[in-house]
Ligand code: ATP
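Below sits a lone chain in structure tokens, taken as the form predicted alone.
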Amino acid sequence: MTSPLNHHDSHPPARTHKITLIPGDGIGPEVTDATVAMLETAGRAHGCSFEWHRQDAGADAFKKTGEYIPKALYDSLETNRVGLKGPVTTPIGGGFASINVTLRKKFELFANFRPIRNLAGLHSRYPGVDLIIVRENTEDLYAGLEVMVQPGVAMGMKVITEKASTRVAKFAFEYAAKHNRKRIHSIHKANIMKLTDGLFLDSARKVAAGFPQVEYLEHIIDNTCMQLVLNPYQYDIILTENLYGDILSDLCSAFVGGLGMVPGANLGENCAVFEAVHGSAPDIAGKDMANPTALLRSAILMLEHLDEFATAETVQSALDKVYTEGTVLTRDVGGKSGTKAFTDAVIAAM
């Protein structure tokens, strides 16, 4: 599968795209239904349509099937190779693996792609931020290799391989070269974890040598957190391991309005899952309060992956218009409107 975010040329759209749709739980079904409605409206204007294969995951799936990720979901993604996923609750503790981590490992979705960009019309103390986080998605401490050595002593194993590190570095540099991004920072803690993070850096350096047009730098993770808050504009693409990338993704989302504004894509050679990365917010579920922006922006990445650039542009322009006008926004961004009114406004703007 061609990487979804490396295209420039638009192709005639396929008539119908088969998408595995994972609404999730909490506010997931609400923001998913809203996103589907907006995509279908935009798609009709450009001659493309969607065949949604709806699959349960998370708490709702467990109630129905006794499994957090039913086999039907695996089979659907295996067939369609493209998924759109709302927020899913994973129980804390109790031995349950993260659903996000499980899907990433199962389908080798090795690159987590998180663009951090301001929305038009949304006020920020950091206007004009435009950086991208590329996070290795399959190993590190998130491999989940933990043992109880003895009562009161638990141990987690940090796994870094040359193969995975090289693969994600290659993705980042190829993206930079194709999209005229000027600079990549590898983020690490190799001053302490000399073997694991050292291997990640060594792999990135070898890839960087093949892309002399892209400036390559390295920052230690703790310094990076400070540098981002002081001056996020110094970063263009951040390349990093799984755990650091998870933390930095959330930190950087604050520059553009929080996790409710930020899209996410999990990319592999043969499958891609686009997802909202915020929580399932069960406290506001069913109250017409949820903001579907993060999932909609993730769906825009999905449309680009499907070569539906005209449809993606229509959705993005409508979203920009609604935020710029600022009269029909949800409460989390200072408005007074609900999910349905916001959705209707974006559709009207198309």
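When you see a residue number, it is the position in the sequence shown, counting from 1. Quick caveat, the model's predicted, so the values are computed rather than measured.
This next part talks about the form predicted in complex with the named molecule, which is not shown.
**Q** Report yes if any heavy atom of Asp283 sits within 4.5 Å of a heavy atom of the named molecule in the model of the complex; otherwise report no.
**A** So Asp283 counts as contacting the named molecule.
**Q** Would Thr35 sit within 4.5 Å of the named molecule in the model of the complex, counting heavy atoms only?
**A** Output for Thr35 is no: heavy atoms all beyond 4.5 Å of the named molecule.
**Q** I'd like to check something about Val277: if you look in the model of the complex, is any of its heavy atoms closer than or equal to 4.5 Å to a heavy atom of the named molecule?
**A** Flag for Val277 set to yes.
**Q** Look up in the model of the complex whether Glu218 has a non-hydrogen atom within 4.5 angstroms of the named molecule, and give yes or no.
**A** Outside the cut-off, so no.
**Q** Heavy atom within 4.5 Å of the named molecule in the model of the complex: which of Cys225, Leu259, Ala72, Leu141?
**A** It is Leu259 that has a heavy atom within 4.5 Å of the partner.
**Q** Taking 4.5 Å between heavy atoms as the contact cutoff, choose which of Glu174, Asp250, Glu108, Asp236 touches the named molecule in the model of the complex.
**A** Contact with the named molecule in the model of the complex is made by Asp250 alone.
**Q** Heavy atoms, 4.5 Å, the named molecule in the model of the complex: which of 284-292, 36-44, 58-66, 310-318 makes the cut? Say which one.
**A** It is 284-292 that comes within 4.5 Å of the partner.
**Q** Using a 4.5 Å cut-off on heavy atoms, what residues in 23-39 are near the named molecule in the model of the complex?
**A** The stretch touches the partner through Ile27 alone.
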